[in-house]
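Just one chain follows, in the form predicted alone, and it is written as C-alpha cells.
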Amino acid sequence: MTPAIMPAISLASQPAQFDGAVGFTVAEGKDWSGALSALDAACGGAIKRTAQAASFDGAKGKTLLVLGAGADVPARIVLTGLGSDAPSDLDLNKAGASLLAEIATRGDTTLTLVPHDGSAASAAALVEGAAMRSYRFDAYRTRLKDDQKQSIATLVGACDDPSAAAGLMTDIAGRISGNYLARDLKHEPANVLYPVAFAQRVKDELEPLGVEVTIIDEARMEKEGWGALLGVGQGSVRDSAVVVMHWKGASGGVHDDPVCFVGKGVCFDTGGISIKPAGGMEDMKWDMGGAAAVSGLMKSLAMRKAKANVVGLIGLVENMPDANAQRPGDIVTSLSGQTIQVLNTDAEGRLVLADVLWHAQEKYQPRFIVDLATLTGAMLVALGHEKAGVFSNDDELAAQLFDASEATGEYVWRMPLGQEYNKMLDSKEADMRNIGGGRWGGSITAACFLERFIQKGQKWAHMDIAGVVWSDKPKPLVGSGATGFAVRSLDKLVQDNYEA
C-alpha cells in the first residue's frame, strides 16, 4: 500500500524573484497591485495585455494561464478571479485548487501562490486548496509518461507576514494529511485492503501520532455477541475486525465524556446472497467510505494536536456470497440483544453499524455520536452527488454539522426521521427487519433502523455519504476519484465546538 505524496507546504515573505510557476488571485474590478503589478511591469505589461486579450477581468471562477511573458519572469504565470465580493476561506481554497490544476503537470516543481490582499491567512487558504487538488493516486500506474505525472512538489504561500499564520499552517497540514489518508484508503483495491489489512494500516498510521488504537478481532466479537456485524462477514474468507481509535487531547487530561465518530467499513460489497448486478460492482471497493473518513479525521486531529477527547470506531467486513454466507430470512442477535430478520443481505452496512454504535455507547458514554456510511443508493436519488444526507435526533448537533459543511464545501442536507417510517421496519418474526416494506424512503428507513440502536438521551447524527465519497467528474477542490468527504468538515466541527 503506497500512499499518495502530499506536496511540501509553507508560507514565505514576498520574494524578489519567483522560483518555478506563480499563481495570483485577482479581485474583479480592482487595479492590480503588489507582486502582480510589479511582475507585469517587469515584463513590459505583457501579463495585462494577455488578460485583456482573453477578456479576463477577475470574474469569479475564471482562470488565465500566461506563458512566456518575458525573459526575467516565470515562464508560467496563472491568474484566477475571485469576483467582486470579499472572498471566504472556501472561495480562496477553490482559487488555490484552480491555480494548481492549471499548472500541475507542466514541469514546474514549485508553485508560489500570491493572494491579492497579501495576507497570511489568505495565502494559507490558497495553499490548502492547492494541496487538496494536488492529490493523485498513481500507486499502480507503471506506464505514466512524464507529462502525465504531477510535477508540483512544493507549494509556497507568499504573503506580507508569514508568522501571522504559522499555527494555521499546522492545522492545514493535519487536515490535508487526514484527507489524503481517507482518499488513499478508498482507492486501494479490495484484494489489498481487506478488513484486517485496513485495521493494520490504521494502526500503523495513527499510533506514531499518539492515538491509542485497539483492534477487536472475531474471537472477541463472538464471545461478546456481535451477531449483526459477524453475520455480514461470515461469507468471506477474510476475518472481520473493529478498530477503536482514541485521541486523548483534552486539556487537563480529562478523558471521559468524549465525542464519538463511527464509520461503516465494508471493504467490498457484492451484496452477498442478494447479489448486486455485475455492472459497476467494482466500485464497491469504496463501500468503506465512512470508515475511511473516520480514520482520516482521527489522523487530522492527532496531527494538529486537537484539544479534545475523541473516539473513532470503524467496523470492517467483507460481504461475500460464499456457501457460508448469511441468507435472506436469517435472524441474528445484535450486540444490543435486539433480534434482526435479514430480508436483504445487501442492506448490510446498517447491521455492521448497529453493533459498533451499541459498543460505542456502552463503552464510552459519548457526548454525541456521528456515524458515517455509504449506506443507501436511495440517497443518490434524493440528493445526487452534491450533498450528503444528515439524520439526527438533536437540532444543535445537526446545525453544527450543517455550519461546518458550508464552511468547507462538504455539503449536507438534513433529512427527516419519524415513527411513520420507523414502523416500516417492524417484523412478525423478530424485533425488526433490516429493510422497509417497499422501495420508497429507503434512506430514511435505513436511518430509522440505526436509531433503534441509539440509547435514550444519546445525541446522535447519521450521515449517509453514498453519493459524495467518489466523483467521476472533476470537482473544484478534489478533482476526480475519492473525495475524502467529511474529514475537513468534521475536523471543523470538533475545532469550532468541542475543543477546550
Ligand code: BES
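So that there is no doubt, residue numbering starts at 1 and follows the sequence shown. Note that the structure is a prediction, hence the values are computed from the model and not measured.
The same protein has a further form, the form predicted together with the named molecule, not shown here; the description that follows concerns it.
With the partner removed from view, the residue among M320, M424, A197, A378 that has a non-hydrogen atom within 4.5 Å of the named molecule in the model of the complex turns out to be A378. Contact with the named molecule in the model of the complex, judged by any heavy atom within 4.5 Å, is made by just one of S295, T374, N179, N93: T374. In summary, the region of this chain contacting the named molecule in the model of the complex, judged by heavy atoms within 4.5 Å and restricted to 237-245, 301-309, 132-140, 283-291, corresponds to 283-291. Within this chain, E128 is remote from the site of the named molecule in the model of the complex, having no heavy atom within 4.5 Å. The shortest heavy atom separation between N344 and the named molecule in the model of the complex is within 4.5 Å. In the model of the complex, the named molecule lies farther than 4.5 Å from every heavy atom of V66. Interface membership of R350, defined by any non-hydrogen atom within 4.5 Å of the named molecule in the model of the complex, is confirmed.
With respect to the named molecule in the model of the complex, the three residues E218, A354 and H359 uniformly fall beyond 4.5 angstroms at the level of their nearest heavy atom. Contacts with the named molecule in the model of the complex, taken as any heavy atom within 4.5 Å, map within 440-471 to A466 alone.
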